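A single chain, nothing else alongside it, follows as structure tokens in the form predicted alone.
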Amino acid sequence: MEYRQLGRDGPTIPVIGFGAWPIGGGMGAIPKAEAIATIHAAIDNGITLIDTAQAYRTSEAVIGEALASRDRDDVFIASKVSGDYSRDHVVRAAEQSLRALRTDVIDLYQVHSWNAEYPIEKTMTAMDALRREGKVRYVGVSNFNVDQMRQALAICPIQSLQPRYSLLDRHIEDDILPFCEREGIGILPHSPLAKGLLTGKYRPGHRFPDGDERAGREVFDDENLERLAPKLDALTAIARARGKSLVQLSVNALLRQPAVACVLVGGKNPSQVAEHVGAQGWGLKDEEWSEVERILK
């Protein structure tokens, strides 16, 4: 496993992280035993950063149970406060996460999203207090834009940003990515496979079961899947020429960015996380990347 530093003067973390939204049931029900086996497989394969959130349904409790049989020092736990960003709720949510995760410290605690209903000064003051008390080691934010990060930075040091980022959604490249690089903020992309679009598995006619967040989403309608099919087939051909899968190419492409510290990839079973490991340890050649760019345009 390759490692990178998380932001300026931050810890060293693996370049592939485990995103825990799927094992919480957000993309279809997963038996607890299977979820625990998936977490163990991730760790055994060197994916020792696990990212979860208060809003990720049952995932914190499942992670806590899975890690009970593992050495806590071997795993970097990231979680998030979700929804209510008032000072009191931030503190309560952190305490609840600590109990669910069965740990006395969260390595990276993040504000899940921007919500103008809650003054950022109070939110970040509460986050900084948790850091000073030793309940969290580092503070991060998720789904913030540049102006929102500037406001947060005025109150509390920010170690990381967790934005949506994939080959099909590159909005952070214009402003957010350069800002984070200048400010020493490590980037932890979420949804690098665009909720599964970049697996190449979904074709027109596919329907997701009830309980899967993707059911009814416009990006998965037949028209969009039909439009994407030739692009995905062409990207798959580039990946196969290197002995890689489309999943591995899609994750590896994000690691071209120096500010990206760790790509968070959700996994539902041990075989998926084993595949994710193959996204690191190599790199696209310049001519291959040029072809990727041509296909995406």
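One rule holds for the numbers: they count along the sequence shown, beginning at 1. None of the values given here were measured: they were computed from a predicted structure.
What follows is about the form predicted together with a small molecule, which we do not show.
Contact with the small molecule in the predicted complex, defined as a heavy atom within 4.5 Å, holds for exactly one of 92, 72, 182, 201, namely 201. Of the listed positions (143, 86, 148, 96), a single one reaches within 4.5 angstroms of the small molecule by any non-hydrogen atom in the predicted complex, namely 143. Only one segment in the set 233 to 241, 33 to 41, 61 to 69, 263 to 271 has residues whose heavy atoms sit within 4.5 Å of the small molecule in the predicted complex; it is 263 to 271. Using a 4.5 angstroms limit between non-hydrogen atoms, residue 20 touches the small molecule in the predicted complex. Interface membership of residue 123, defined by any non-hydrogen atom within 4.5 Å of the small molecule in the predicted complex, is ruled out. Mapping the unseen interface onto this chain, residue 79 falls outside it, with no heavy atom inside 4.5 Å of the small molecule in the predicted complex. Interface residue remark: residue 190 is counted as part of the site for the small molecule in the predicted complex, having a heavy atom within 4.5 Å.
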